[in-house]
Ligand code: AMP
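Quick setup: one chain, the form predicted alone, written in structure tokens, and binding and motion questions come after.
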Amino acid sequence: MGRIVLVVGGGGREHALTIGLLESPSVRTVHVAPGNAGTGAIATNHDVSAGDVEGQVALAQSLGADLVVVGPEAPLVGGLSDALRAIGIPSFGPHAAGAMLEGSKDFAKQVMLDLNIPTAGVQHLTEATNLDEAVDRWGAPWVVKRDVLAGGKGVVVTEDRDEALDFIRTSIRSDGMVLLEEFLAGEEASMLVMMDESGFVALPCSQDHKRVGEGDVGLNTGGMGAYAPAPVATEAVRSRAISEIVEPMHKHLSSQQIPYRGCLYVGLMIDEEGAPSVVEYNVRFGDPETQVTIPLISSDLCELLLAVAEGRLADSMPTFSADHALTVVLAAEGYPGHPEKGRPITGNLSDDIVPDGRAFIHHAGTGIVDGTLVSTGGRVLASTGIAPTLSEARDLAYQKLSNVQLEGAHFRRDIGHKAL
């Protein structure tokens, strides 16, 4: 028979999850809401927005879904998993209280401090704060974080004192408060941890490229590319991250009245001594980290996600391939500002299989208008290569991307440079 799975969301992460689920022997059909042109070509899209909790619950019921996999953070904060579990449908993604680890940076920081998890120092700034004193306490560079869901865009890291103060004042006016964090020096890595009350497993660490320009310069974005495994996360770093960060958090989350079931994204900063600290927690798969992590899971993805959703991960631990993965994001003209949308995308977007690997396109901001593939968002698609070495995976990804045309689009040519 096989299982019926509903994936909630419409970006590159959801396309990656859909591909992985369709390769799972235990899956019969995959539905995606709302999806994009890539998911629509391989699964069934439904015109229900990710944030429409009632609509998603009704859709899951009508499909007879055996599992719902929630991609973005907003529906989790909005209680989608709670509503699904209340009617007996397993949901991969934490309940609303657990999702506050991403919904409120202030809440997450307090949990970390209570558990003695290594993280940056923090100041809470309000209208009553002497802002000049606050920004001079640690000096440049300044890390300012809004305490709201901002789609990855609520953080400013700057060497410019005036820019920092402007963002602080604007955030206080809109939100009532803002966080100023101590700057952590080092190299970043992303650790995706599958977690429920029975246990946890850390997937291969990846490294994202947040800045829009080559050499990590320019404005912050949702991510311009990623690769995995990331060599900066050595075995020593991984074991420290697990013992000092993941284990105390797992113990805390498992002791709650409703346990955490889903992916805990741990954004790590690794200093020169190899000591990891937490930059941020997210409560779902990262994007574009998912695109390079899911293909490295060699066991049945659906069985893994369902085990977590039902609280029995310890009995269904995944296995991983020894391959490397690298993905390069193709962004629309104007991104990360106001992207140009509705432009046609042409070229070879089908999978390329080579003797030792493969290259394929992950759709993100894409749609079909009058039978034509067009751009609908800022990050339009990503070209992903899988191969025995990172350099081979990089070559496959860039070769594949060279066959895709979108007027005015741009991409970084140095994805993976820190490892290579």
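Since the model is a prediction, treat every value here as computed from it, not as a measurement. Just count from 1 along the sequence shown to find any residue number.
One more form of this protein should be noted, the form predicted in complex with adenosine monophosphate, which is absent from this view; the next part is about it.
In the predicted bound form, is there a heavy atom of adenosine monophosphate that lies within 4.5 Å of any heavy atom of residue 129, even though the partner is absent here?
No - in the predicted bound form, heavy atoms of residue 129 and adenosine monophosphate never come within 4.5 Å of each other.
Answer yes if any heavy atom of residue 250 is within 4.5 Å of a heavy atom of adenosine monophosphate in the predicted bound form; otherwise answer no.
Residue 250: no, not in contact with adenosine monophosphate in the predicted bound form.
So in the predicted bound form, does residue 157 come within 4.5 Å of adenosine monophosphate, heavy atom to heavy atom?
Yes.
Report yes if any heavy atom of residue 216 sits within 4.5 Å of a heavy atom of adenosine monophosphate in the predicted bound form; otherwise report no.
Residue 216: no contact with adenosine monophosphate in the predicted bound form.
Is adenosine monophosphate close enough to 143, 210 and 279 in the predicted bound form that each of the three has a heavy atom within 4.5 Å of it?
Yes, the whole trio is in contact, each within 4.5 Å by some heavy atom.
Looking at 327-335, 181-189, 86-94, 301-309, which stretch has residues with any non-hydrogen atom within 4.5 Å of adenosine monophosphate in the predicted bound form?
Going through the listed ranges, the match is 181-189.
Between the options 170, 220, 198, 104, which residue brings a heavy atom to within 4.5 Å of adenosine monophosphate in the predicted bound form?
Filtering the options by heavy-atom distance leaves 220.
In the predicted bound form, which of the listed residues (125, 269, 345, 205) lies with a heavy atom within 4.5 Å of adenosine monophosphate?
Selected option: 269.
At a 4.5 angstroms cut-off on non-hydrogen atoms, which residues of 111-128 are near adenosine monophosphate in the predicted bound form? List them in order.
Heavy-atom contacts within 4.5 Å come from 120 alone.
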